[in-house]
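Before any questions on how it binds or moves, here is one chain, the form predicted alone, in structure tokens.
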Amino acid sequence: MRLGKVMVVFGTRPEAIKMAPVVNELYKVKDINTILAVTAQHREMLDQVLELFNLKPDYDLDLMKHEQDLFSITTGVLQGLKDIMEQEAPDLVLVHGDTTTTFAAALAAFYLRIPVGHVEAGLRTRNKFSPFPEEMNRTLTAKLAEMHFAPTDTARENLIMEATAMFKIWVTGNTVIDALLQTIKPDYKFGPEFSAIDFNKRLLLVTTHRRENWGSPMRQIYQALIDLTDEFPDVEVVFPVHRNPVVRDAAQEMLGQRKGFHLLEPLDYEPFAHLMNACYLVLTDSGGMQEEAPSLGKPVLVLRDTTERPEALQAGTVKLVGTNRERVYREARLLLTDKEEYDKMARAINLRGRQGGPCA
């Protein structure tokens, strides 16, 4: 395949973080004309990553709007990229991961008969509703892609089981680790917005946003956090709250006035990465943090029933705990009271996966 022109498309902060090392390496290749297009599916959270990694989009669809849904994002990406792809006529479109931007961009490229390369290919839970809609986004993208850049051998095996041709798969390692290690600085100083946080205490870093956790599951998680702070006076919860009103309203109602809780606005990636490096324990329903936190030696309790990242489970640095109040409390309490159990999970591991070319 001739690669005179490559178009990279992404729309959210996690995509931007993980694709930044790829884009910056592509820029170094003189024989490749790299075009960067962003959909801004998540506007505010995307822009600060572009600035941090010095990425300047050639095209910006600026799609984010109030109370957007999956229908508006999908159709917006399809319509917005049609003219751009027709005008640029790239030899390859690179997409990342599992967002709605990823699937819709891959579909747009397919409609125009442009080959698709899928970075972070092959992650699976085998439950199309968990996580929703991410599991189907990445599965459908795989059907549209010609090149599959799998982060690990497990991801490669998932693709092979789905009858993906072996010569179309590369095991490349995990680009989020490259981005994280480029960001962490030993002499980093937190800004004044963190002054209320007592960094001498054990910090629980919490994030919640998954659609399947909205409502009762999320409230059970928050109640478990209340139980923990009531029991352990040396524990504080640091919670950068997602912008979605469903999450914000529940978090403010249950946690906003409670001692030991710090509800923050969504953080730029640089301070967030350093907060992750400074915390004692991570509780999250995110995907990317299951990769990042273990590489910093931080145990992760995953507030979900499924995960597409089994390598960390197998290594013992990540544990699935679901959203039940008693179980979340019990598993976190264990790590707060049992040093041996904590140390088992806290051992840092490399989740890059091996690097190599097409599968033999």
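Heads up: residue numbers just count along the shown sequence, starting at 1. These figures come from a predicted structure and were not determined experimentally.
What comes next is about the form predicted in complex with a small molecule, which does not appear here.
Only one segment in the set 164-172, 142-150, 239-247, 182-190 has any non-hydrogen atom within 4.5 angstroms of the small molecule in the predicted complex, and it is 239-247. Checking M289, V235, V119, L159 for any heavy atom within 4.5 Å of the small molecule in the predicted complex turns up a single hit: M289. In the predicted complex, the small molecule sits beyond 4.5 Å of every heavy atom of P115. For M276, a non-hydrogen atom is located within 4.5 Å of the small molecule in the predicted complex, even though that partner is not displayed.
Contact check for D268: a non-hydrogen atom falls within 4.5 Å of the small molecule in the predicted complex. Within 4.5 Å of any heavy atom of the small molecule in the predicted complex lies no heavy atom of F261.
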